[in-house]
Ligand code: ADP
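Heads up, the chain below is alone and in the form predicted alone; it's given as structure tokens.
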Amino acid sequence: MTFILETSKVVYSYGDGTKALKGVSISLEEGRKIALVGPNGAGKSTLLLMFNGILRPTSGKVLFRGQPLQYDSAHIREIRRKVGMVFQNSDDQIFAPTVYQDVAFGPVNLGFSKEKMKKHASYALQYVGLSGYERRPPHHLSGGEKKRVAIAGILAMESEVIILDEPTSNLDPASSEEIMDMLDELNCGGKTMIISTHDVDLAYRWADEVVLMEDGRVIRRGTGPEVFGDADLIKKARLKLPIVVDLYNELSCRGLLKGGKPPQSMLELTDLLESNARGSISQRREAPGRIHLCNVDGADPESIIDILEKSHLSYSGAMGPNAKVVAERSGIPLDFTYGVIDKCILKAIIGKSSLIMTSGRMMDRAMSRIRTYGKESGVEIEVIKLTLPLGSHTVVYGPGQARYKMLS
């Protein structure tokens, strides 16, 4: 286990005497998705500002990779390169006349060569799905597009940790889900992701670890089910239970479900209801449908359309900005743009086949999720990995070991 960020007895008081943090000691593991959760005034944003040196503790220490932060200009500049922060209001972060200039600002100030700066800025814009936006004034963009520009600016500096304060604030539901999907993909690429939020549903389904804060203190940390399984503690912190947990508790009280560990997703809740009704998740009337996985990196629209025409698919979904851009350019209507893996598993359970378009990094996550579900549920779901030009091999995930076979 490698801790990338740590605090030791951190106290912070604002100028008016308000004590925002009251002796916070916490260690955050590298490569994880971590959500700081709590009501307004809990200290979430203040703690985030400690992680990259924007605020300096009144007392206590902040450490990056085991080394205490130093607050001279050279060290602060380096820590802010390694630990990038996206503010709640993107307008507070975006100030350059054009999108490209804003994304390139960080690399320029870090002393990148012109060639390296151009390469990093172009890659970052492509990654967040904003290629072609280089000359646009940022104030002409939507809220979701501004958030992507801010994220691209952090990516261009090669940050190891990306911190986001209320990442979905002021965004419409579709834009919110697209941003969280992007954060998933970045995590697959090795980035440590830390967010603050009071959206309990978002934190519950997204984070590997939830850190519950209240009145400047950490009062609980653990997985989503561990933290939100304590209804009294959640009430004390002036939060509500995630919808899926609230529904599970109500169904359990009515005797429709057996008590135990609450589900973490709609897929898990659906399985609990079905197994309760039929006695076993695997006892279904329909043969499971297939899930086709397509890596769209470098794909041309004609190849994707060819897949759809030949595979007789009922549904299609896209994970990550690049996949969604390819789908749009190909004229492919998407049934699923968030929660794609679980939604395709739900459709497979009722005998429907689907296509998941994604990038190389997310292919492994999709395979892992389907494999884990197959082992836990006993349902054999056939996964067909498509390569372009069109070719494929299939993997059957079920209660036993995966079985592979080549398809001609």
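The numbering used is simple: start at 1 and walk along the sequence shown. All values reported here derive from a predicted model rather than from experimental measurement.
This next part talks about the form predicted together with this ligand, which is not shown.
Non-hydrogen atom contact Gly41 with this ligand in the predicted bound form at 4.5 angstroms: Judged by the heavy-atom cut-off of 4.5 Å, Gly41 is in contact with this ligand in the predicted bound form.
4.5 angstroms heavy atom contact with this ligand in the predicted bound form for Ser359: The answer is no: Ser359 has no heavy atom within 4.5 Å of this ligand.
Non-hydrogen atom contact Thr18 with this ligand in the predicted bound form at 4.5 angstroms: Yes, Thr18 is a contact residue.
Exercise: Thr46 in contact with this ligand in the predicted bound form, heavy atom 4.5 Å: Answer yes; at least one heavy atom of Thr46 falls within 4.5 Å of this ligand in the predicted bound form.
Segment assignment from 32 to 40, 348 to 356, 59 to 67, 374 to 382: heavy atom within 4.5 Å of this ligand in the predicted bound form: Careful reading of the contacts points to 32 to 40.
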